[in-house]
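Alright, two takes on the same chain below, each alone as structure tokens: structure 1 and structure 2.
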Structure 1
């Protein structure tokens, strides 16, 4: 099996790659490692009465960020 250089891929490229190569578990791991290196934005917890509103606000923000720069919000 040929070696895939995950490090050479952008976040977007690596995301596309692991979605289309589900058998390549190392690709997903490499991507999750990148996520874990980013600052963590806590949105809510499951028992929060405002869970739905907070999720909705975050989804809208991520969609807007994606529209404006073609990348997912971080």
Structure 2
């Protein structure tokens, strides 16, 4: 098996590669490492009185972003 350069792939390319090659544990590890390296954006907390509104606004933004990119929402 030839070496696959996961670092040269975009996030989406790596994701698609792993979905097509689910037996490739190194691809999964590379993808999970990328996800864990990203800074986390906290939308709200459980005790926030605006919890529902913030969640709904975030979902709407993500759906609009997905629509504008021609992608399905994840």
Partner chain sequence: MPTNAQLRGLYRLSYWLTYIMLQPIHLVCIDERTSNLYVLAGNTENLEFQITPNGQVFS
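As the structure is a prediction and not an experimental result, all values here were calculated from the model. Positions refer to the first chain, counted from 1. The term rigid core refers to the maximal set of C-alpha atoms that superpose within 1.5 Å between the two forms.
- Taken from the structure described as the form predicted alone is structure 2, whereas structure 1 is drawn from elsewhere.
- With a cut-off of 2 Å and the rigid core superposed, residue 47 has a Cα displacement that reaches or exceeds the cut-off between structures 1 and 2.
- Here residue 25 does not count as shifted, since its C-alpha moves by less than 2 Å between structures 1 and 2 after the core is aligned.
- Core-superposed comparison between structures 1 and 2: the C-alpha position of residue 16 differs by less than 2 Å.
- Core-based alignment between structures 1 and 2 gives a C-alpha movement of 3.9 Å at residue 59.
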